[in-house]
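First, one chain by itself in structure tokens, the form predicted on its own.
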């Protein structure tokens, strides 16, 4: 079944393409990238389309869990600009999916309607200066003090912390020796006393700026323990449940979007650019590059939407999501670099979108679990019979 081309997803894709052309023109995307700014007005108009509701159950005002359609939105936005695509993920996925899966009933009632209307965003506060893939080793500490939780530590590569409402932070809440059973998720308001956010000047993914976050005796109410009292010391379960599998698909959807934008631009340029009296697309070397790019892109889409359908049905899909993230991320990097090759010197200048595709594509194999980690997981989980 072609999950990404049902009548419903086709209609959704068409609506988004009209939105992108009207509200996210190339000139604006270039400006957001150059200035590293979040276009909140555009985001608010995107929310008015109702697409934030795709991860929220109907009883909380949403459209029901639809991972396939959510990935369509990410893909189409990423074709033009991560300055809008990443904040969409921060709202619909980071906030919406995690709340729907593991939030307490009070948290769902209070916060999920804000996901639907686009007024709530989470930033993931998972990795730390000395903790990347080994998330169970986080050092940021949370301690219960009466009806408060006091958090101390630091988070690195916390993208979007400047524009979020809450930092969705993984913290160590139990004894150090009780690995996997000593972690919790907490919601930390970005403007809480003791929170310091500093930008990291990264190469790509502009708009939801990458940051360092220092947490110095930050007090939050116990009601901000994710999942309520029942969520204390259940952070690892939440992380591997709603968090990591779908995050891999989100990154794969970004990869497909960036790769699609690069391929389409390369195709158009190759048929317009004249050298030695004919378009460069007439040369076999260029034809082979375009053919390989299209093949990698097609395979990435098939993997993405197959795994997304499994996730929608709550099927076990850890291997499939890792394979999808690995393949789509590496394909996006290859496609962006081949696009730059086809553009030649023009692909190296800031005024041409190809240069941005390359910078964004180089991040994709790193974010959401590196390609090396995905290969480890594919082997380990396949060997375990998962």
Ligand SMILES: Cc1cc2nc3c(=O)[nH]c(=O)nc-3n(C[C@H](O)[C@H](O)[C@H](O)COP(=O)(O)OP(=O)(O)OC[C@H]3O[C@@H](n4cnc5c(N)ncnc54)[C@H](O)[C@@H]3O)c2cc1C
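Residue numbers count along the first chain shown, from 1. Source: prediction; values computed, not measured.
Unshown form predicted together with the named molecule; subsequent notes refer to it.
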Contact stretch among 184-192, 137-145, 198-206, 261-269 - heavy atom within 4.5 Å of the named molecule in the predicted complex: 198-206
is_contact(residue 232, the named molecule) in the predicted complex, heavy atom dist at most 4.5 Å: no
Does residue 10 reach the named molecule in the predicted complex, with heavy atoms at most 4.5 Å apart? no
If we define contact as a non-hydrogen atom of the residue within 4.5 angstroms of the partner, is residue 78 a contact of the named molecule in the predicted complex? no
Does the named molecule get within 4.5 angstroms of any non-hydrogen atom of residue 83 in the predicted complex? no
Residue (of 312, 296, 127, 107) lying close to the named molecule in the predicted complex, criterion heavy atoms within 4.5 Å: 127
Which residue, 159, 98, 91, 308, has a heavy atom that falls within 4.5 Å of the named molecule in the predicted complex? 159
Let me test this: is every residue among 244, 249 and 378 within 4.5 Å of the named molecule in the predicted complex, going by heavy atom positions? no
Using a 4.5 Å heavy atom cutoff, which residues in 337-368 contact the named molecule in the predicted complex? It's fine if the answer is none. 363, 366, 367, 368
